[in-house]
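In structure tokens, the next block holds one chain alone, the form predicted alone.
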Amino acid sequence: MLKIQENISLKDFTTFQIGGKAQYFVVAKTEEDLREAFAFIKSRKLPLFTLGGGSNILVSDHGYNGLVIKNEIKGIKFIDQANDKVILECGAGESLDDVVALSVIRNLSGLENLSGIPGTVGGAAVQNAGAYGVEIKDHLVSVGGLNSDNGKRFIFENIDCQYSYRDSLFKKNKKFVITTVTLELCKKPFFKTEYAGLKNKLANIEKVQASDIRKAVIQIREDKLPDWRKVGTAGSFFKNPIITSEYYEKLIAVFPNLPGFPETKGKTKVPLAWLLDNICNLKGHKEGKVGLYEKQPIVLVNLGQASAKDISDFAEKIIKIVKEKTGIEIMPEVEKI
């Protein structure tokens, strides 16, 4: 019998260390647990939110008026394929970094750039988590799970998941609860090391291995990001803005050193950290219990006992300043619950 708890604080289930109480809360370890949870919400006509590692969300001070399912469905399986490929099947509740570490131990290439990212594999598939030139979609074959409306299984191929920059079908439609994620990795070296900081870290290594990249990525993250185990944070709070290449040209006429990275269809991605630091002078800016991290201004930090409202109000001020200074409207990466 599934144990459904009431009035459970969500604060301890998020890396921001913020959040009110869930009206109902359950830990799901199997698909049968999920089906029982679905029957419960149907009987009471409740909304549903599926929680992974809580690393990219901001939970309201008022909590969640419905059922929160903590997805702890586990399982890891490596399956050899032809042409030096390996299929990796993961339960959605597995730690993303643990899975990355296991793939590196096996000398498989593909996930090493995602080292050190907190959260679960399922959460990464929802968010299209990415870092240092790699996104989860680059190696994702399919996503399986249950439709909470009818309890039926689904399997979506990569193309069906509507992936884009930090976005997917699963962010838009909460009825699809992920249970498994299937990835394709490679036995041969197939690395992405163009990111400047990563390239510099690896410069003196003659024959780069996946383990070298993992070590370098973790060092870079430790150097510029707060430790989410000690400091309340959800990592990058905002997305890097993608603007038209035409507008980018106008900006560099005013700010000649502004970096830009070409995207498809006449678009350019601009590093928000550079804008916040060099144009808005906001690096390390603090107001009350909230601040921008002094080493990486794209990251908001809970300086101690901040509320969700404190975070939201501070973020809105940052959005307004960037708009006034650059004409760019930035968007949150963190999901508000």
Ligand code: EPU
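From a predicted model like this one, the values you see are computed outputs, not experimental measurements. Position 1 is the first residue in the sequence shown; the rest follow in order.
Not pictured, yet referred to below: the form predicted in complex with the named molecule.
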The one option of 295, 62, 309, 286 with any heavy atom within 4.5 Å of the named molecule in the predicted complex is 295
Heavy atom within 4.5 Å of the named molecule in the predicted complex: which of 248, 228, 132, 170 fits that? Just give me the one. 132
For the three residues 30, 78 and 119, verify that every one has a non-hydrogen atom within 4.5 Å of the named molecule in the predicted complex; reply yes or no. no
Would you classify residue 37 as touching the named molecule in the predicted complex, given a 4.5 Å non-hydrogen atom cut-off? no
Heavy atom of residue 165 within 4.5 Å of the named molecule in the predicted complex: yes
Are any of the heavy atoms in residue 142 no more than 4.5 Å from a heavy atom of the named molecule in the predicted complex? no
Is the gap between residue 333 and the named molecule in the predicted complex 4.5 Å or less for some heavy atom pair? yes
Looking at 268-276, 22-30, 65-73, 45-53, which lies within 4.5 angstroms of the named molecule in the predicted complex, counting heavy atoms? 268-276
Between 215-243 and the named molecule in the predicted complex, list the residues on our side with a heavy atom within 4.5 Å. 221, 224, 225, 234, 235, 236, 238, 239, 240
